[in-house]
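Consider the single chain below, provided in C-alpha coordinates and representing the form predicted on its own.
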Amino acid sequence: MSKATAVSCANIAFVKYWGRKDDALRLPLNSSISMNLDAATTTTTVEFDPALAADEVVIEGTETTAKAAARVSEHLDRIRALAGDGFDRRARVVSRNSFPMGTGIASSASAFAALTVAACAAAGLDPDERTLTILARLGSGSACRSIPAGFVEWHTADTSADSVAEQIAPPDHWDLRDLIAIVQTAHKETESSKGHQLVQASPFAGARLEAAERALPIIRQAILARDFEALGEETEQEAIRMHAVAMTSQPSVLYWSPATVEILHAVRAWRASGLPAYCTIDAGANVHVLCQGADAARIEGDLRALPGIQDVIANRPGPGTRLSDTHLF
(Lines give C-alpha, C1' and ligand atoms only; values in the text may rest on other atoms or scores of the structure.)
Protein backbone atom coordinates (compact mmCIF):
# COMPACT_ATOMS: atom_id res chain seq x y z
CA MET A 1 0.00 0.00 0.00
CA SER A 2 1.43 3.39 -0.95
CA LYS A 3 -1.48 5.52 0.33
CA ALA A 4 -3.25 5.30 3.68
CA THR A 5 -5.44 7.49 5.88
CA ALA A 6 -5.76 7.46 9.66
CA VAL A 7 -8.07 9.24 12.09
CA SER A 8 -6.91 10.04 15.61
CA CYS A 9 -8.46 11.69 18.66
CA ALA A 10 -6.83 14.41 20.66
CA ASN A 11 -6.64 13.54 24.36
CA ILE A 12 -7.04 15.38 27.64
CA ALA A 13 -4.60 14.56 30.42
CA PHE A 14 -5.89 14.12 33.97
CA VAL A 15 -2.31 13.73 35.20
CA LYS A 16 -0.27 16.08 33.01
CA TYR A 17 2.81 15.55 30.88
CA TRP A 18 4.90 18.61 31.73
CA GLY A 19 8.66 18.32 31.58
CA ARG A 20 11.04 15.79 30.08
CA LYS A 21 14.01 13.79 31.27
CA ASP A 22 15.17 13.39 27.64
CA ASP A 23 14.19 15.93 24.97
CA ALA A 24 15.35 13.93 21.95
CA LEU A 25 13.41 10.79 22.95
CA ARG A 26 10.58 12.76 24.56
CA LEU A 27 10.78 10.77 27.76
CA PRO A 28 8.50 12.40 30.36
CA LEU A 29 9.46 13.28 33.91
CA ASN A 30 6.33 11.54 35.20
CA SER A 31 3.72 9.07 33.98
CA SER A 32 0.41 10.55 32.83
CA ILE A 33 -3.20 9.47 32.38
CA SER A 34 -5.61 10.76 29.75
CA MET A 35 -8.89 10.25 27.91
CA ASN A 36 -9.32 10.33 24.14
CA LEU A 37 -11.78 12.97 22.88
CA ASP A 38 -14.16 11.63 20.26
CA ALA A 39 -15.15 15.00 18.75
CA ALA A 40 -11.62 16.46 18.53
CA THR A 41 -9.98 14.54 15.70
CA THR A 42 -7.22 14.76 13.12
CA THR A 43 -7.50 12.99 9.76
CA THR A 44 -4.25 12.47 7.86
CA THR A 45 -3.56 10.89 4.47
CA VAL A 46 -0.02 9.80 3.56
CA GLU A 47 1.13 8.66 0.13
CA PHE A 48 4.69 7.61 -0.66
CA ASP A 49 5.39 8.61 -4.26
CA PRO A 50 8.67 7.81 -6.08
CA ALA A 51 8.09 10.84 -8.32
CA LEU A 52 8.40 13.28 -5.42
CA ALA A 53 11.75 14.99 -4.83
CA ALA A 54 10.83 16.09 -1.29
CA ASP A 55 8.09 15.55 1.26
CA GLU A 56 5.02 17.74 0.76
CA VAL A 57 2.96 18.68 3.83
CA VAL A 58 -0.42 20.40 3.63
CA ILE A 59 -2.36 21.19 6.82
CA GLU A 60 -5.84 22.69 6.71
CA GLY A 61 -5.50 23.29 2.97
CA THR A 62 -2.25 25.27 3.25
CA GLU A 63 1.36 24.22 2.79
CA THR A 64 2.84 24.23 6.25
CA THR A 65 5.79 26.25 7.54
CA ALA A 66 9.31 25.00 6.95
CA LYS A 67 9.72 24.27 10.66
CA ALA A 68 6.54 22.17 10.86
CA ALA A 69 7.32 20.40 7.57
CA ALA A 70 10.79 19.50 8.84
CA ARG A 71 9.27 17.95 11.97
CA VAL A 72 6.91 15.85 9.82
CA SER A 73 9.77 14.78 7.53
CA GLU A 74 11.87 13.82 10.53
CA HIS A 75 9.05 11.57 11.71
CA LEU A 76 8.60 10.09 8.24
CA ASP A 77 12.33 9.31 8.24
CA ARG A 78 11.80 7.07 11.28
CA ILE A 79 9.15 5.13 9.40
CA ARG A 80 11.20 4.98 6.20
CA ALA A 81 14.05 3.51 8.26
CA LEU A 82 11.71 0.86 9.68
CA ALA A 83 10.55 -0.05 6.17
CA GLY A 84 14.19 -0.85 5.29
CA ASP A 85 15.43 -2.27 1.99
CA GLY A 86 16.37 1.15 0.69
CA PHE A 87 12.86 2.56 1.16
CA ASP A 88 13.53 6.21 0.45
CA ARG A 89 10.33 7.46 -1.21
CA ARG A 90 9.20 10.94 -0.31
CA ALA A 91 5.64 11.41 0.89
CA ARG A 92 2.66 13.64 0.26
CA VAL A 93 0.91 14.39 3.57
CA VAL A 94 -2.47 16.11 3.88
CA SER A 95 -4.03 16.68 7.30
CA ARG A 96 -7.21 18.26 8.66
CA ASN A 97 -8.53 18.88 12.18
CA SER A 98 -12.05 19.10 13.55
CA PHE A 99 -10.88 21.65 16.16
CA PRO A 100 -8.56 24.67 16.40
CA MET A 101 -4.90 23.59 16.32
CA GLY A 102 -2.11 25.09 18.39
CA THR A 103 -4.48 26.23 21.14
CA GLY A 104 -3.87 23.71 23.92
CA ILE A 105 -6.27 20.98 22.74
CA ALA A 106 -3.50 18.44 22.02
CA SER A 107 -3.48 18.93 18.25
CA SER A 108 0.10 17.65 18.07
CA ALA A 109 -1.01 14.47 19.86
CA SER A 110 -3.73 13.64 17.36
CA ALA A 111 -1.59 14.86 14.45
CA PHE A 112 1.41 12.64 15.16
CA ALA A 113 -0.71 9.65 16.15
CA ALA A 114 -2.58 9.88 12.84
CA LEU A 115 0.65 10.50 10.91
CA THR A 116 2.30 7.48 12.54
CA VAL A 117 -0.50 5.05 11.77
CA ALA A 118 -1.13 6.34 8.23
CA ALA A 119 2.56 6.43 7.30
CA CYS A 120 3.22 2.94 8.66
CA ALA A 121 0.32 1.55 6.67
CA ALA A 122 1.35 3.43 3.52
CA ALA A 123 4.87 2.02 3.88
CA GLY A 124 3.51 -1.52 4.19
CA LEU A 125 4.28 -1.84 7.90
CA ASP A 126 1.98 -3.37 10.51
CA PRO A 127 3.51 -2.67 13.94
CA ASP A 128 1.70 -3.68 17.12
CA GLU A 129 0.07 -1.10 19.39
CA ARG A 130 3.00 -0.94 21.80
CA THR A 131 5.42 -0.14 18.95
CA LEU A 132 3.02 2.44 17.54
CA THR A 133 2.91 4.24 20.90
CA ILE A 134 6.72 4.41 20.96
CA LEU A 135 6.87 5.73 17.40
CA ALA A 136 4.14 8.31 17.99
CA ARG A 137 5.87 9.49 21.18
CA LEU A 138 9.04 10.28 19.21
CA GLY A 139 7.02 12.68 17.06
CA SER A 140 5.08 14.31 19.93
CA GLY A 141 5.13 13.00 23.48
CA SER A 142 1.40 13.00 24.14
CA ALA A 143 0.70 11.40 20.74
CA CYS A 144 1.42 8.01 22.29
CA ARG A 145 -1.70 8.40 24.45
CA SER A 146 -3.91 8.83 21.36
CA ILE A 147 -2.95 5.43 19.92
CA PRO A 148 -4.93 3.17 22.34
CA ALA A 149 -8.67 3.68 22.83
CA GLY A 150 -10.49 5.24 25.76
CA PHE A 151 -8.62 5.91 29.01
CA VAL A 152 -4.86 5.59 28.66
CA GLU A 153 -1.74 5.66 30.83
CA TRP A 154 1.67 6.66 29.45
CA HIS A 155 4.54 5.25 31.50
CA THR A 156 7.66 7.21 32.28
CA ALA A 157 10.89 5.23 31.84
CA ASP A 158 14.62 5.66 31.35
CA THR A 159 14.63 3.97 27.94
CA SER A 160 12.61 4.59 24.79
CA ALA A 161 11.50 0.96 24.58
CA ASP A 162 9.86 1.12 28.01
CA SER A 163 8.09 4.49 27.74
CA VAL A 164 4.86 3.18 26.24
CA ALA A 165 1.15 3.94 26.51
CA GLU A 166 -1.55 1.39 27.28
CA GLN A 167 -5.27 1.33 27.85
CA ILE A 168 -6.65 1.53 31.39
CA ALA A 169 -10.30 1.19 30.34
CA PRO A 170 -12.20 1.16 27.01
CA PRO A 171 -14.36 4.09 25.82
CA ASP A 172 -17.62 2.47 26.92
CA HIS A 173 -16.37 1.93 30.48
CA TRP A 174 -17.73 5.29 31.69
CA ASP A 175 -20.07 7.95 30.32
CA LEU A 176 -17.63 10.71 31.23
CA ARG A 177 -17.85 13.93 29.22
CA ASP A 178 -15.29 16.57 28.35
CA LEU A 179 -16.74 19.91 27.25
CA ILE A 180 -14.04 22.10 25.73
CA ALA A 181 -14.87 25.76 26.24
CA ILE A 182 -13.17 27.56 23.34
CA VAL A 183 -11.97 31.03 24.34
CA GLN A 184 -8.98 31.22 21.98
CA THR A 185 -8.56 29.97 18.41
CA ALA A 186 -5.26 31.70 17.58
CA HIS A 187 -1.99 29.85 18.10
CA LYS A 188 -0.65 30.21 21.62
CA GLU A 189 2.45 32.37 22.06
CA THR A 190 4.55 29.72 23.83
CA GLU A 191 4.61 26.24 22.30
CA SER A 192 4.34 23.28 24.64
CA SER A 193 7.81 22.10 23.62
CA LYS A 194 9.27 25.36 24.95
CA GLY A 195 7.26 25.02 28.16
CA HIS A 196 8.70 21.55 28.75
CA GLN A 197 12.22 22.97 28.56
CA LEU A 198 11.46 25.61 31.20
CA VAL A 199 10.03 23.30 33.88
CA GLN A 200 13.19 23.00 35.95
CA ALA A 201 13.43 26.79 36.17
CA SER A 202 10.39 26.83 38.45
CA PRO A 203 11.01 26.60 42.21
CA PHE A 204 7.89 24.43 42.43
CA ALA A 205 8.94 21.83 39.83
CA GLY A 206 9.96 19.20 42.39
CA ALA A 207 6.82 19.58 44.49
CA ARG A 208 4.59 19.35 41.43
CA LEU A 209 6.40 16.21 40.26
CA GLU A 210 5.90 14.53 43.65
CA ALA A 211 2.22 15.54 43.62
CA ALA A 212 1.75 14.13 40.10
CA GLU A 213 3.21 10.80 41.18
CA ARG A 214 0.81 10.72 44.16
CA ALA A 215 -2.09 11.57 41.84
CA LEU A 216 -1.48 8.67 39.46
CA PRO A 217 -2.95 5.83 41.57
CA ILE A 218 -5.79 8.08 42.76
CA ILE A 219 -6.87 8.93 39.21
CA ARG A 220 -6.29 5.41 37.89
CA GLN A 221 -8.51 3.98 40.62
CA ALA A 222 -11.12 6.73 40.16
CA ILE A 223 -11.43 5.78 36.48
CA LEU A 224 -11.73 2.06 37.24
CA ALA A 225 -14.32 2.72 39.98
CA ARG A 226 -16.11 5.47 38.00
CA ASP A 227 -15.66 7.76 40.99
CA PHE A 228 -16.35 11.20 39.50
CA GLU A 229 -15.66 13.26 42.61
CA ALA A 230 -12.27 11.64 43.21
CA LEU A 231 -11.32 12.04 39.55
CA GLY A 232 -12.50 15.64 39.37
CA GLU A 233 -10.91 16.87 42.58
CA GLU A 234 -7.49 15.44 41.77
CA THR A 235 -7.61 16.41 38.08
CA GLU A 236 -8.48 20.04 38.80
CA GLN A 237 -5.69 20.32 41.37
CA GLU A 238 -3.19 18.71 38.99
CA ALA A 239 -4.02 21.25 36.28
CA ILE A 240 -3.48 24.14 38.67
CA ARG A 241 -0.16 22.62 39.81
CA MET A 242 1.04 22.32 36.21
CA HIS A 243 0.15 25.92 35.42
CA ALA A 244 1.74 27.11 38.67
CA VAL A 245 5.01 25.62 37.41
CA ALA A 246 4.58 27.27 34.00
CA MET A 247 3.78 30.64 35.57
CA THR A 248 6.82 30.49 37.86
CA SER A 249 9.39 29.35 35.29
CA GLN A 250 12.00 31.76 33.92
CA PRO A 251 10.76 33.23 31.68
CA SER A 252 7.24 32.92 33.03
CA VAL A 253 4.67 31.20 30.78
CA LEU A 254 1.11 32.44 31.26
CA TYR A 255 -1.39 30.53 29.14
CA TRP A 256 -4.57 31.73 30.84
CA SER A 257 -6.78 34.54 29.57
CA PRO A 258 -9.45 36.45 31.51
CA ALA A 259 -12.07 34.09 30.04
CA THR A 260 -10.10 31.11 31.38
CA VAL A 261 -10.38 32.48 34.92
CA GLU A 262 -14.05 33.33 34.40
CA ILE A 263 -14.78 29.68 33.57
CA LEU A 264 -12.84 28.43 36.58
CA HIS A 265 -14.92 30.65 38.87
CA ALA A 266 -18.17 29.63 37.17
CA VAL A 267 -17.50 25.90 37.45
CA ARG A 268 -16.62 26.23 41.12
CA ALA A 269 -19.85 28.15 41.70
CA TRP A 270 -21.87 25.47 39.89
CA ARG A 271 -20.21 22.80 41.98
CA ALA A 272 -20.96 24.67 45.20
CA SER A 273 -24.62 24.81 44.17
CA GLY A 274 -24.76 21.04 43.66
CA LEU A 275 -23.95 20.69 39.93
CA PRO A 276 -20.96 18.34 39.71
CA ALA A 277 -18.33 19.65 37.29
CA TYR A 278 -14.56 20.12 37.35
CA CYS A 279 -11.99 21.90 35.19
CA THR A 280 -8.71 20.94 33.65
CA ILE A 281 -6.53 23.01 31.35
CA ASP A 282 -3.69 21.90 29.09
CA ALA A 283 -1.03 24.26 27.71
CA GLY A 284 -3.40 26.94 26.46
CA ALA A 285 -6.27 29.23 27.43
CA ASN A 286 -9.12 26.87 26.51
CA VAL A 287 -10.79 25.05 29.40
CA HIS A 288 -11.92 21.43 29.57
CA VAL A 289 -14.97 21.01 31.80
CA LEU A 290 -15.45 17.45 33.03
CA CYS A 291 -18.90 16.14 33.89
CA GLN A 292 -21.00 13.01 33.66
CA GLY A 293 -23.43 12.26 30.87
CA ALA A 294 -26.56 13.11 32.86
CA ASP A 295 -25.35 16.68 33.46
CA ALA A 296 -23.70 17.35 30.09
CA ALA A 297 -26.54 19.16 28.31
CA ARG A 298 -27.17 21.57 31.19
CA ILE A 299 -23.49 22.35 31.70
CA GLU A 300 -22.92 22.88 27.97
CA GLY A 301 -25.80 25.37 27.93
CA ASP A 302 -24.43 27.19 30.96
CA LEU A 303 -20.97 27.33 29.39
CA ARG A 304 -22.28 28.80 26.15
CA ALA A 305 -23.96 31.57 28.16
CA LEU A 306 -20.69 32.72 29.73
CA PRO A 307 -18.93 35.79 28.27
CA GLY A 308 -15.92 35.07 26.08
CA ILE A 309 -17.00 31.57 25.03
CA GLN A 310 -16.68 31.23 21.26
CA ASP A 311 -17.79 27.59 21.06
CA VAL A 312 -18.07 24.37 23.05
CA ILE A 313 -16.81 21.02 21.74
CA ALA A 314 -18.64 18.19 23.51
CA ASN A 315 -16.66 14.97 23.82
CA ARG A 316 -17.25 11.43 25.01
CA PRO A 317 -14.40 8.93 25.56
CA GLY A 318 -12.96 8.31 22.09
CA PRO A 319 -11.57 5.40 20.10
CA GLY A 320 -7.93 4.76 19.38
CA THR A 321 -6.17 5.80 16.19
CA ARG A 322 -7.60 3.83 13.29
CA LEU A 323 -7.29 3.52 9.52
CA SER A 324 -9.97 4.96 7.24
CA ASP A 325 -10.97 4.17 3.67
CA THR A 326 -11.83 7.83 3.02
CA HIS A 327 -8.72 9.62 1.77
CA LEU A 328 -8.14 13.39 1.73
CA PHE A 329 -6.72 13.26 -1.79
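Fair warning: this is a prediction, and the values are worked out from it, not measured in the lab. Numbering starts at 1 and follows the sequence shown.
Same protein, other form: the form predicted together with a small molecule, not shown, and the subject of what follows.
Asks: Using a 4.5 Å heavy atom cut-off, state whether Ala212 contacts the small molecule in the model of the complex.
Replies: Answer no; every heavy atom of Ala212 is more than 4.5 Å from the small molecule in the model of the complex.
Asks: Just checking whether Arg316 would be counted as a contact of the small molecule in the model of the complex - the rule being heavy atoms within 4.5 angstroms.
Replies: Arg316: no contact with the small molecule in the model of the complex.
Asks: Just to confirm, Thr116 within 4.5 Å of the small molecule in the model of the complex by heavy atoms?
Replies: Although the small molecule is absent here, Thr116 would stay clear of it in the model of the complex, with no heavy atoms inside 4.5 Å.
Asks: Though only this chain appears here, would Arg71 touch the small molecule in the model of the complex if you measure heavy atom gaps against 4.5 Å?
Replies: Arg71: contacts the small molecule in the model of the complex.
Asks: At 4.5 Å between heavy atoms, only one of the stretches 75-83, 140-148, 166-174, 214-222 reaches the small molecule in the model of the complex; which one is it?
Replies: Single hit among the candidates: 140-148.
Asks: Among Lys3, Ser324 and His327, does every residue place a heavy atom within 4.5 Å of the small molecule in the model of the complex?
Replies: Not a single listed residue reaches the small molecule in the model of the complex, so no.
Asks: Looking at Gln237, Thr131, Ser193, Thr185, which has any heavy atom no more than 4.5 Å from the small molecule in the model of the complex?
Replies: In short, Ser193.
Asks: Between the options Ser108, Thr156, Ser202, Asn97, which residue brings a heavy atom to within 4.5 Å of the small molecule in the model of the complex?
Replies: None of the others qualify; the residue that does is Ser108.
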